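Shown below, as structure tokens, is a lone chain in the form predicted alone; questions about how it binds or moves come after it.
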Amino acid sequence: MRKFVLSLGLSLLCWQWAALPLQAFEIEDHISVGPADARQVLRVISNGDAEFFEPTIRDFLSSRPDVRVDYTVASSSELMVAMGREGHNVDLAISSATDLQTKLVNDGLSRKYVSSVTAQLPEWARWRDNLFAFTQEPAAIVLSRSALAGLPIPKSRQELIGLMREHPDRFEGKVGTYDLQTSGLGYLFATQDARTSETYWRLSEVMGSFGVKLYCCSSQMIDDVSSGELALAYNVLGSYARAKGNPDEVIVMLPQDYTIIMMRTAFIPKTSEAPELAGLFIDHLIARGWEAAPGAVSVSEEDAWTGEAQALRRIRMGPGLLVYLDRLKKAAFLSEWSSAILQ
């Protein structure tokens, strides 16, 4: 698998959408790639870091000199606000929060797209010919080598719980995970965790007892493990950890008891003004399969991680993902999570 070459010099251009100042959702980043006077513009909203997506965008534009891609980064929850309540006008929506993407499609906010490329996807990687997966990415436990110096590296959640209890001085105030109140992906990982094993709740209580720090996104957790501010971060995107983490300091552990596999998905909003171009970009994402991203696995690789297949738990698209988005169920889940982790 080729290494993903990150573009450190992002094209943070001054150009912004005309409606940008009026938006109520929070924007984390924005790049514009391609000529300013391009004949066609593809407007993308995504929760994927710009530095990871820019090489993919440039590859797409290499044969389309008359196209510009305006790429706006927002959290998965803010993307939901932009596409749902505000009806933000974009041409393509990309997110790792498969449940929120499924809800937007289920609510009739997307349009169907069929091509020779999407037709080759396995059934589990597309839903209603509206929502398409183009990567599989594991939820990893990221550990600091220096913090664990001299200790055995845990291989499962149960081993991690035992290690934390035996060496509290190594972990006090140095544990991080998603803030489920603000992170859509974090909430998705947590609900899938809870459905899979009761160990999740025991681990949450242990993390809470150490004064766990809560984060919006994987990148910040990885940075803090790399710097030594955290000894461990739980449910971090493995693809980001392998690409961003300092290998001399960061250990990316896929727990052997089970590993949740997230699929990053894309759909074309019903209000898209460039649906044909958006469809071509979906084809590009699928064909590329993020094969160059460390830790990301092409959706065509059905038997990825062959020796560990029994431990993989792929998050499947479909109405089943809507269960924990029910208002009462979500409130109950967040209440239980708060009791466990915000001690």
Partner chain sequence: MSGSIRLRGSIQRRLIVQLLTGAALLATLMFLVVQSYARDLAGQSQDEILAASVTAILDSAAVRNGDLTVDIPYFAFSMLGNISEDRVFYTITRNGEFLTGYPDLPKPMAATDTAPRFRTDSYDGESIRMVTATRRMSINGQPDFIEVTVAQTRYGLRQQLAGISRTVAGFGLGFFVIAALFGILAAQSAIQPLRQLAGSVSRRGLSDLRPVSAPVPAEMEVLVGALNGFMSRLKASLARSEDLIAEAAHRVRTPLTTVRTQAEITLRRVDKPQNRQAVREMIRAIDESSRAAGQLLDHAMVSFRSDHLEVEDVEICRLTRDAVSRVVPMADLRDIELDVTIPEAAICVKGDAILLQSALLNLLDNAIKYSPPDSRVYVTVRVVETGVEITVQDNGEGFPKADMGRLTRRFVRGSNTETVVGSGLGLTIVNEVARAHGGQLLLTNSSEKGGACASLYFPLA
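Residue numbers count along the first chain shown, from 1. What you see is a predicted model; the values in this text were computed from it and never measured.
As for the form predicted together with the partner chain, it is not shown, yet the points below apply to it.
Colleague: With the partner left out here, if you bring back the partner chain in the predicted bound form, are K103, W127 and V323 all within 4.5 Å of it by some heavy atom?
Modeller: Affirmative, all three are within 4.5 Å.
Colleague: Pick from P168, G108, P152, P247: which has a non-hydrogen atom within 4.5 Å of the partner chain in the predicted bound form?
Modeller: Looking at the other structure, the residue within range turns out to be G108.
Colleague: Check each of R202, R195, K213, R145 and return the one that places a heavy atom within 4.5 angstroms of the partner chain in the predicted bound form.
Modeller: Spelling it out, the residue with a heavy atom inside the cut-off is R195.
Colleague: Which one, 51-59, 32-40, 311-319, 272-280, holds residues whose non-hydrogen atoms are within 4.5 Å of the partner chain in the predicted bound form?
Modeller: One stretch meets the cut-off, namely 311-319.
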